[in-house]
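First, one chain by itself in structure tokens, the form predicted on its own.
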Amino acid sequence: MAHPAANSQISVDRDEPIGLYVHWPFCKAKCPYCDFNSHVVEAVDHPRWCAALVRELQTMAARIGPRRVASVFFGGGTPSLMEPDTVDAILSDARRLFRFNNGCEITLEANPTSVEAKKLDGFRDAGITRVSLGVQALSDDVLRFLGREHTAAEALAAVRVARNRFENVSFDLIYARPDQSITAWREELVRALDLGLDHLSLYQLTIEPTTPFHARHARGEFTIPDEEAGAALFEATQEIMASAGLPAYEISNHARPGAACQHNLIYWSYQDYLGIGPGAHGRITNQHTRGLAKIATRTHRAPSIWLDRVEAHGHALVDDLPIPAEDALIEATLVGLRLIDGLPRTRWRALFGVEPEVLFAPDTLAPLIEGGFLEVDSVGLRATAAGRQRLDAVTARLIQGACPQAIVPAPDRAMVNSTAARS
């Protein structure tokens, strides 16, 4: 990533809360559809990994200063393979280094195997407040196809265990699977909704280039629903979940009012987040530079190299550069339009100093609005239901007309926002 010009600095409220992401890179087995930074190893030196994660956290905290933390997210990999003592050590140090919001959301991703479910008491005692279970399907045949190590019965048992220990529980399901009909998917969703949770994440199966599924799919071993069938499944999902009182608040996430995942809202609103652990990304505001330039960070992906570098240097950063204006505008657009409500005008102004209509060329924005794919009003800019159906194409077209030169330089941002507030 190139260094930005002076006028690409991004002004963000100094007291705006951040998210903290902790990446645990290890899994018991690699799922054939997964392209995340996850690794299967025979044994993990838990005390050594605990010490390294805490050390990188301390190094990054010293750099960004005493920010407020609104959410913590332990992702992976399979974070439920961590020792609860490791989670406790990280959270204890994070509370010492940062100011935690009252009611700070602290999520841990977990696999619903019986072994990992038994550890939930320890995670609760360590400070976890929210659990996200990787159920993925409620059929044993489908779970085997997806390479999952749990059964449907184990998954349902894990959900019950989690609900007895945490007020906030979510789980993931994957749809648009081979030969899946709308009727079958509707029945599966009804079973999931019967569990009475306030949040569900529902993802369409995608074939990622680096995964075993990619090779198998290319050989014709299985097919997934085509674009038309996938769109019908997506529409059915929206209708079923909305009728059940869990409408989408993001293109793949559904929740009852007030139950949205706060950590992911930080990502999608293009707020600051700090990432530690192998391959973790961050977007942090450098409060020691005039104009508060937002910085992109990324640590080394390989667990062994990450571990060695943290022990030697206190961190394993491989990317640590200011974000150019054009890249910042693209990133904010890509994440913000995933939200059902889009990004409000106040957010566009806070990030870029101008209204959303100024940030995109009229001959790009107008056709997308007239075609019924985007909406712009007094509240902000958002994708319509039709736009969300083809969001990748809509955002790609919108980004082609991005006007980063319209971004107000950060030193002048306060004057612009002050004038907007008085008008």
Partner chain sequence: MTDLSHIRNFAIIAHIDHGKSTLADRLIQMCGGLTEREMKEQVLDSMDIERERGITIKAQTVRLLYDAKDGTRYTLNLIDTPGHVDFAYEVSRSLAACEGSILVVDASQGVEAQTLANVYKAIEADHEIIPVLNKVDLPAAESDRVRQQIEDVIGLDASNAVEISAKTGFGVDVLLEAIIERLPPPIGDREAPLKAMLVDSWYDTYLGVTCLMRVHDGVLKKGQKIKMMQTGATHLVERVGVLTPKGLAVDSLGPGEVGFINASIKTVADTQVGDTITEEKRPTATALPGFNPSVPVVFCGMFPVDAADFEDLRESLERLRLNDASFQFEAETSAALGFGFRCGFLGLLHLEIIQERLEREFDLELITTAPSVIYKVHLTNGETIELHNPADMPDVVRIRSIEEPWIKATIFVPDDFLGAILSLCTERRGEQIDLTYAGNRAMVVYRLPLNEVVFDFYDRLKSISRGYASFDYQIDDYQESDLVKLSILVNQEPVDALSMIVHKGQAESRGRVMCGKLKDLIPRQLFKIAIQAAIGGKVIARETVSALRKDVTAKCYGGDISRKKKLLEKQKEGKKKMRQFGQVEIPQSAFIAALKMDA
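Numbering follows the first chain given and starts at 1. Small disclaimer: the values here were computed from a predicted structure and weren't measured.
Omitted from view is the form predicted in complex with its partner chain, to which the following refers.
Among residues of the shown chain, His315 is not one whose heavy atoms approach its partner chain to within 4.5 Å in the model of the complex.
At least one heavy atom of Ile399 is located within 4.5 Å of its partner chain in the model of the complex.
Its partner chain in the model of the complex comes within 4.5 Å of a heavy atom belonging to Ala231. Looking at Tyr267, you'd find a heavy atom of it within 4.5 angstroms of its partner chain in the model of the complex. Stretch 329 to 337 is the answer when you ask which of 214 to 222, 329 to 337, 154 to 162, 84 to 92 has residues with heavy atoms within 4.5 Å of its partner chain in the model of the complex. A heavy atom within 4.5 Å of its partner chain in the model of the complex is found for one listed residue only; from Val44, Leu391, Ala51, Val379, this is Leu391. Taking a 4.5 Å heavy atom cutoff to its partner chain in the model of the complex, the contact residue among Thr129, Ser114, Gln204, Thr346 is Gln204. Not one of Phe100, Pro356 and Phe360 places a heavy atom within 4.5 Å of its partner chain in the model of the complex. Contacts between 270 to 284 and its partner chain, taken as any heavy atom within 4.5 Å in the model of the complex, involve Tyr273, His281, Arg283.
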